[in-house]
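The chain that follows stands alone, in the form predicted on its own, written as structure tokens.
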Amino acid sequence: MITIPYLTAVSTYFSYGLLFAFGQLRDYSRRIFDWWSTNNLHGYAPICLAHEDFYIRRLYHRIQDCFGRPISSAPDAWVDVVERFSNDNNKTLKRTTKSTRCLNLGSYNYLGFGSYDEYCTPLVIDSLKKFSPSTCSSRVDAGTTSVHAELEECVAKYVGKPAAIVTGMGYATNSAIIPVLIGKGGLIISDSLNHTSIVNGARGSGATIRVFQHNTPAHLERVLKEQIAEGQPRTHRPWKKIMVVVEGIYSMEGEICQLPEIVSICKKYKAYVYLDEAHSIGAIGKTGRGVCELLGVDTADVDIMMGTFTKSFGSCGGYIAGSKDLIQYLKYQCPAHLYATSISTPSAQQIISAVKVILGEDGSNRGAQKLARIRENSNFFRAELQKMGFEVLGDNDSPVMPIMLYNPAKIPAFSRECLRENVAVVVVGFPATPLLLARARICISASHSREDLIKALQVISKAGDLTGIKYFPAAPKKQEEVKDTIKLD
């Protein structure tokens, strides 16, 4: 867990206190002015109460130019960021016809498949001409083509499972499938930092939810012991099913899951393992097969393997891989398969082609080069940031590296300063992170050259000096030793 320096925590609380106080003062002043104004909503209940959207109105709107920046190009190493302006203190933003060429440090384009690829793109275009952009149907009606069947076989083979099912949306893979796997009388034990799709899927299942400390197997075992001993609430009957849900790489922390220890504990207590590899599949491991390959875990020990195609594969949608019985059950029960429009055929073809490049089945070694480059780029960039004195979260080999900002005023300052130097970064604050743990999340790609990374480091270092976010002393620069020859009499 992150340990916040005392003075940093105090100053951050003080900043939020000022923002809250002035926001309340502005709300009070607004109510006085609105008392004389008339509107046509007399008798209606307000859709949003004042305190419910206070954060959006008084904090988020002031810096919303740092979020949701539109681009007008493919999400490659460099992107065209559309310029925007505001005439009402950032309450609304208007786009212009101008754009700025910026170094892209915010996209999940880990392997560089998000832009034109010499092997994938022609095949996708051919698929578009043959099948059209959309199936206009769910999988069980008229939305299954030969490409969908090939994709499911390709995914199952790639991740090392007997079968797989694909959906048209990565978020819906968790939120729609978890409620099918477990329900009332079941127990979900979730990592405290699992992302929103897992949280919403667990809540929608009706199962009892317990949380264990982030990436802490010892605490997971304590929670399992307690829950097995206590049983279901009120009745204390044994749980019908226990499922432990973790991520391969945690998207806001850049940390790699301690999967071997977690699998061992789940085996001991007969709990199912649900592994979300949205950010790890295709990005880590010798052949890009994710955290299981990186840490030497047999995929047979992971009961449900989930992942998305929106990151490393440059497409959309998600998958669940597992036993044939599990996948067959999901095809009969999962609403994302029964009712949602199936993944578009060109998108499915992009995934198949990307996997072939990764495995070298396109007749080249570009896939191996991409995997080597993202690993080298990630480790180089992380090491250099740490040398500069930034507080960087995450583990080696992870392409996600958050830089801690903490103070709310430093969120827009860092973002705007980087954009001024033509570097596009993503900044994240509450409620996506805890109140005190605002950060800039850097995502490295195999498409970044060493020159790109050096430029980014120079800009980030300058922005870090201006905003005061270098919380550790910088490593001393290596100086060449000059040897003087001293003659002794």
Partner chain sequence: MYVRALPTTDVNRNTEWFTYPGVWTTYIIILFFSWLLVLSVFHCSPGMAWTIVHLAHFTVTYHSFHWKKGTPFGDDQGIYNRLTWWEQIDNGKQLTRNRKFLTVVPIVLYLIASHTTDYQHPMLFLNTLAVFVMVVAKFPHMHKVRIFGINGDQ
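Positions refer to the first chain, counted from 1. Small disclaimer: the values here were computed from a predicted structure and weren't measured.
One more form of this protein, predicted together with the partner chain, exists but is not displayed; see below.
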(message) I'd like to check something about V423: if you look in the predicted bound form, is any of its heavy atoms closer than or equal to 4.5 Å to a heavy atom of the partner chain?
(response) no
(message) Since only the chain is shown here, I'm wondering whether S447 would be in contact with the partner chain in the predicted bound form (any heavy atom pair within 4.5 Å).
(response) no
(request) Tell me, yes or no, whether Y158 is in contact with the partner chain in the predicted bound form, where a contact means a heavy atom of each within 4.5 Å. (result) no
(message) Is L93 part of the interface with the partner chain in the predicted bound form - any heavy atom within 4.5 Å?
(response) no
(request) Have a look at I63, V428, L436, L457 for me and say which one sits with a heavy atom within 4.5 Å of the partner chain in the predicted bound form. (result) L436
(request) Please pick, from S115, N200, Q333, S134, the one residue with any non-hydrogen atom lying within 4.5 angstroms of the partner chain in the predicted bound form. (result) N200
(message) Counting any heavy atom within 4.5 Å as contact, can you tell me which stretch out of 460 to 468, 447 to 455, 66 to 74, 51 to 59 lines the partner chain in the predicted bound form?
(response) 51 to 59
(message) At 4.5 Å, heavy atom to heavy atom, what parts of 204 to 220 sit next to the partner chain in the predicted bound form? List them in sequence order, or say none.
(response) V211, F212, Q213, H214, H219
